[in-house]
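Here's a solo chain for you in structure tokens, the form predicted on its own.
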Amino acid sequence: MKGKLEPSVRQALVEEGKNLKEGLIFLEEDLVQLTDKLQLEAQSIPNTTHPDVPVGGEESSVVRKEVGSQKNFSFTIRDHLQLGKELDLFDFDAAAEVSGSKFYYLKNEAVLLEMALVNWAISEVSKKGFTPLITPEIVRSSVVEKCGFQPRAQNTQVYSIENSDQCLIGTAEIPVGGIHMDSILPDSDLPRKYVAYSHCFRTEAGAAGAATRGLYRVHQFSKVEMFVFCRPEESDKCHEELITIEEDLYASLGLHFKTLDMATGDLGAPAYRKFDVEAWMPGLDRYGEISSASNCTDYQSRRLGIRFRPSPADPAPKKGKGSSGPTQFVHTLNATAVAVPRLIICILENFQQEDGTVVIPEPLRPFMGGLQVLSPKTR
């Protein structure tokens, strides 16, 4: 438009511009609210499931493998709480005064036992080509959400830090999953495997009853976690590798356990398929979960933005043609090598002796300075 505008026309256009600007502000606010609502709805959509996964609740899970058998004791067995008291290994009362319920102090040889389990697990898993990590234990809430957890949901297991966008981790799966966030991994680097040590923090909302006493269900514990980034066609194979590592670790300790293919109702949002390991805990007179191994396919990597660029099938592309094909999302998998409190329960209860001593499994002895037996303290 050439020429000078009439003042009235100019003023009308200025007013119209102001109105559009104000309207845009309101629309942008609506967009933010709708985007947040869409995100919450999207987070409620779980991963697809493997065609072989049993359909139903936890009771529909199928036993894949069983190792060993329940030990026969010729004496009245003690649970880990009684053994811990006689061996002076725990202090739950002082921890309750200092921190609240479901916290604990480890004492004396229990400290050595925790360190031994951690170092033994990292040592054994590292031999399989896993890179050791010690992770951050505070992460952004957005990373927790992208890994498939809901830190602000009702009955969440996640501790959120007030007036911040950060949370305490419930598993090293979260910071390890985020280590390659928003990146493209070289095809030649896959599969990329990590074994990570961290403390874990869980609210255990809704947990109660005798089955949760002692070390079985606590708010803070140490854990060694395995994590794999791989090509999509490799994830089923990597899943089998992870559960085999777990089974080999627990079998070498002499534990009796069973591996289950968990049913659809017990998978959780990220898992495409999940195997749980449940070990016999004679003092508790039941099996208790000591680890799990999950194939999350691209559920987490899509949210975290982790891709790879497949190597070209033809190593010599035609002139003028790029050798880089489109990127794909990696698959992620996670598995517990050692959840320390649960394994301490297994060791104390399965290897207790009539005289009140506990025999240390042979693989752990080099990591405990050669100590072979835990003995009651003399007063």
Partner chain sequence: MLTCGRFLSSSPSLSPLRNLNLSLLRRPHLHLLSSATAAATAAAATAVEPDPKGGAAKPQWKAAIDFKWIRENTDTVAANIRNRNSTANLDLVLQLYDEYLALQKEVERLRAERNAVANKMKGKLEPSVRQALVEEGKNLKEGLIALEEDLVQLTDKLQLEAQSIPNTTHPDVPVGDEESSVVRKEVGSQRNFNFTIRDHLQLGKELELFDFDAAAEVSGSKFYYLKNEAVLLEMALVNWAITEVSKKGFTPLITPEIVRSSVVEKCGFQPRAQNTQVYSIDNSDQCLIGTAEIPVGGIHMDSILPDSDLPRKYVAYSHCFRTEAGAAGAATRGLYRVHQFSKVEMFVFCRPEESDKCHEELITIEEDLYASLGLHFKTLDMATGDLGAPAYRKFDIEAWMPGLDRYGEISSASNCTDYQSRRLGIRFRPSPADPPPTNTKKAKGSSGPTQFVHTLNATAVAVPRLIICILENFQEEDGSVVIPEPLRPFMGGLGVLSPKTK
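Predicted model, so just to flag it, every value in this text is computed and none were measured. Positions refer to the first chain, counted from 1.
The form predicted together with the partner chain exists for this protein as well; it is not shown, and the discussion that follows is about that form.
Legend entry - the partner chain contact at D261 in the model of the complex, heavy atom, 4.5 Å: D261 lies outside the contact set for the partner chain.
Inset, instruction - Check whether E240 has any heavy atom within 4.5 Å of a heavy atom of the partner chain in the model of the complex, and answer yes or no. - result: No, E240 is distant from the partner.
Inset, instruction - Spell out, yes or no, whether the shortest heavy atom distance between E114 and the partner chain in the model of the complex is within 4.5 Å. - result: Because a heavy atom of E114 falls inside 4.5 Å of the partner chain in the model of the complex, the answer is yes.
Legend entry - Close approach of P232 to the partner chain in the model of the complex, 4.5 Å, heavy atom: So P232 does not count as contacting the partner chain.
Legend entry - Segment assignment from 106-114, 70-78, 290-298, 273-281: heavy atom within 4.5 Å of the partner chain in the model of the complex: It is the stretch 106-114.
Inset, instruction - State the residue from Q82, S160, S252, T244 whose non-hydrogen atoms include one within 4.5 Å of the partner chain in the model of the complex. - result: It is S160 that has a heavy atom within 4.5 Å of the partner.
Inset, instruction - Please state whether every one of the three residues S99, P136 and V139 places a non-hydrogen atom within 4.5 angstroms of the partner chain in the model of the complex. - result: So, yes: the whole triplet contacts the partner chain.
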